[in-house]
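There is one chain below, alone, in structure tokens, taken in the form predicted on its own.
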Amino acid sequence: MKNFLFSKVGNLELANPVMIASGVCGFAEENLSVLNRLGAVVFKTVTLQPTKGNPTPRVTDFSYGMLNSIGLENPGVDGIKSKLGHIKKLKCKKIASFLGNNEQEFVTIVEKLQEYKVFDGYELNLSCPNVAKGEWFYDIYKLKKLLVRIRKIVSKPLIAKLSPETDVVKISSLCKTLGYDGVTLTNTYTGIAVDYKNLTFKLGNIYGGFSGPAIKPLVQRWVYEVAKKVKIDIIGCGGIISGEDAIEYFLLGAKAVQIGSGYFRNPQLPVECVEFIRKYLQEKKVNLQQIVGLLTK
């Protein structure tokens, strides 16, 4: 008998529906007392070659959110070999996020990631706002070709993380047709921040990805529309800073949620969300599956 917090995104089984979003945890995260109590951790996006990231400053904070331009800093797919011991310490599901400059890079990266035999699933990053986009981002036919090829070579659960600045419903439908286990909705919104005193921009790269409470209603709109029109499994991601926020996503059709910038402000937030969800379900005398999509029926 599965526990009442159990969730399933495609073939990815989760002890509970709370995940850490990509870009938050490195490959040697030490906050195991929190992470081991979650459903899954999605690690920082891996590229083919080591990436230094964008010029500083990389982060600017607002009362209603955060703008970041980290730029996918990572040691490259070969470079994470030395981190595999740390990754194995996690008891929750371990999801690798990856991004290539072109189709062949995507293929090479995920083939190497599979060779490590430590990941329970893979999240295809189709949405980072801090790096130049490949042709697949703008051309639905090239995107389909990429998605088909990746699905053929990945045997474990495969999720596509989408940008809110594309046709989310159309791409979610494509992912459903091609056999993807789910979609993560969504990555951050592209924005800029101006330093009026010094007559410049607040980020070294000018552009950054905007996250935090202010984007929650915008992302929830996408979750609702995809849940109504596509029927693919959804992971909600955007503006979650409380257990209440997570419940809202479930009611709109998400089967799990990812916590991003909220984790920076409160490293205990993911566990607090798990406990809130547990108490909420106990009070309602239902399991998670019974509330998912109540507002989309």
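All residue numbers are counted from 1 along the displayed sequence. These numbers come from a predicted model, not from an experiment.
This protein has a second form, the form predicted together with a small molecule, left out of what is shown; the following refers to that one.
Contact residue in the predicted bound form, from 230, 251, 66, 34 (heavy atom within 4.5 Å of the small molecule): Among 230, 251, 66, 34, a heavy atom within 4.5 Å of the small molecule in the predicted bound form occurs only for 66.
Option from 106 to 114, 143 to 151, 183 to 191, 168 to 176 whose residues, in the predicted bound form, bring a heavy atom within 4.5 Å of the small molecule: Selected range: 183 to 191.
Contact at 44, 72 and 237 by the small molecule in the predicted bound form, all three, heavy atom at most 4.5 Å: Looking in the predicted bound form, the three residues 44, 72 and 237 all sit within 4.5 Å of the small molecule (heavy atoms).
In the predicted bound form, residue 259 touching the small molecule (heavy atom, 4.5 Å): So residue 259 counts as contacting the small molecule.
The small molecule contact at residue 215 in the predicted bound form, heavy atom, 4.5 Å: Residue-level check for residue 215: yes, a contact with the small molecule.
Residue 24 within 4.5 Å of the small molecule in the predicted bound form, heavy atoms: Yes - in the predicted bound form, heavy atoms of residue 24 and the small molecule come within 4.5 Å of each other.
Any non-hydrogen atom of residue 62 within 4.5 angstroms of the small molecule in the predicted bound form: Residue-level check for residue 62: no, no contact with the small molecule.
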